[in-house]
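In the form predicted alone, a lone chain appears below as structure tokens.
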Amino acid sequence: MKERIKKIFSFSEEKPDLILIQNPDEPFIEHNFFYVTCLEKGIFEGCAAILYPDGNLDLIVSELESQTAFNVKADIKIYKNKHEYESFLKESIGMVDTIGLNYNGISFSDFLKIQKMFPDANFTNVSKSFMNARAIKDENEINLIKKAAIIVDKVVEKIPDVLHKVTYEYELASEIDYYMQKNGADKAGFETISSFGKNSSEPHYSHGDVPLKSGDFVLCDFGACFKRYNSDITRTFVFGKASSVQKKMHKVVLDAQNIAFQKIKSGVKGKDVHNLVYDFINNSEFKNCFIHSTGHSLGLAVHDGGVGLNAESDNVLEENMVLTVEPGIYIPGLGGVRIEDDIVVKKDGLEILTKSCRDFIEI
């Protein structure tokens, strides 16, 4: 925990005296609160963490969360009401010159309240410091993501059998979510996508009451959340006999993903990976059918750490960044193919975390 806090301060050019993180109410979760505390359970609505450059931490929590909070090595203060909360906050922060805030994770109204409580303080934005720190995972984070990846791999193995037992998209989604938790997930990392037929051409379609028909694409995109860390996988099947176009789509996407795998290593720019994939698909018969980025960072959030594989991504990949690699082809009226896997960047390449079969499968 101390090393994470020190890492955040090391990325800050403004060098604040301390950093204040307030975790608001659901659904506006401040992931950085859980990053610095390493708390695996609890909601911690209305709680705060004060970070110091030496790696120490003050934690101000409600009585509701007090038992869970004692799992953290911190100076813990338990409040019963708003007045006590504000008193503890003033006590921890004191008369410092500069307070660091994550502007990306605080509402304007909350900022005004803090400004009123500390009228003589200067405020500086440390959002980028958090993003840079979280982009490079430590060993514990990688191990948790690996466990989340193992869970989704087990679920992928179940999908062919499940497809012979379901009728509608929502039924498949519920079965996927069930098997994730049955295999150890705390919950789904995001709303599960299980799209049939032409609906698979919509990358962020979720699921509905559409029945499964012979010859349909079946696109499944889902992730397991394990101790707050997420995996993210996509596999595309064909129910019944596939057409030649469906087979070609899958082959081009799989080849594109392998091209990305070969390019990824420490020192490579994210946009260079994406451009290779984009050009490869555009030089196939499926020109202009790849309509999103090649991948995104992964961790406490499904889109985590601000690193991406896209046309505008000037970020340079570094060891222990965790990313998805997910090329796709989408043809409105016909359907889409996406293959997505989670990887860890290494010095001379990558480690693929999701290991389930990526081959073309007719079910």
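Model, not experiment: these values are computed from the prediction. Each residue number is its position in the shown sequence, starting from 1.
We do not show the form predicted together with another copy of the chain, though everything after this point is about it.
Trainee: Out of 249 to 257, 266 to 274, 233 to 241, 172 to 180, where are the residues with a heavy atom within 4.5 Å of another copy of the chain in the model of the complex?
Mentor: Stretch with heavy atoms near the partner: 172 to 180.
Trainee: Please determine whether E312 contacts another copy of the chain in the model of the complex, using a 4.5 Å cut-off between heavy atoms.
Mentor: Residue-level check for E312: yes, a contact with another copy of the chain.
Trainee: According to a 4.5 angstroms non-hydrogen atom cut-off, is S201 in contact with another copy of the chain in the model of the complex?
Mentor: Residue-level check for S201: yes, a contact with another copy of the chain.
Trainee: Closest heavy atom of E65 to another copy of the chain in the model of the complex, within 4.5 Å or not?
Mentor: The answer is yes: E65 has a heavy atom within 4.5 Å of another copy of the chain.
Trainee: With the partner left out of view, is H207 within 4.5 angstroms of another copy of the chain in the model of the complex by any non-hydrogen atom?
Mentor: H207: contacts another copy of the chain in the model of the complex.
Trainee: Identify which of K90, K187, K73, K128 has a heavy atom within 4.5 Å of another copy of the chain in the model of the complex; exactly one of them does.
Mentor: By the 4.5 Å heavy-atom cutoff, the listed residue in contact is K187.
Trainee: Tell me, out of D138, E285, E86, E191, which residue has a non-hydrogen atom within 4.5 angstroms of another copy of the chain in the model of the complex.
Mentor: So the residue touching another copy of the chain in the model of the complex, by this definition, is E191.
Trainee: Using heavy atoms and a 4.5 Å cut-off, decide whether N81, S107 and F111 all contact another copy of the chain in the model of the complex.
Mentor: Affirmative, all three are within 4.5 Å.
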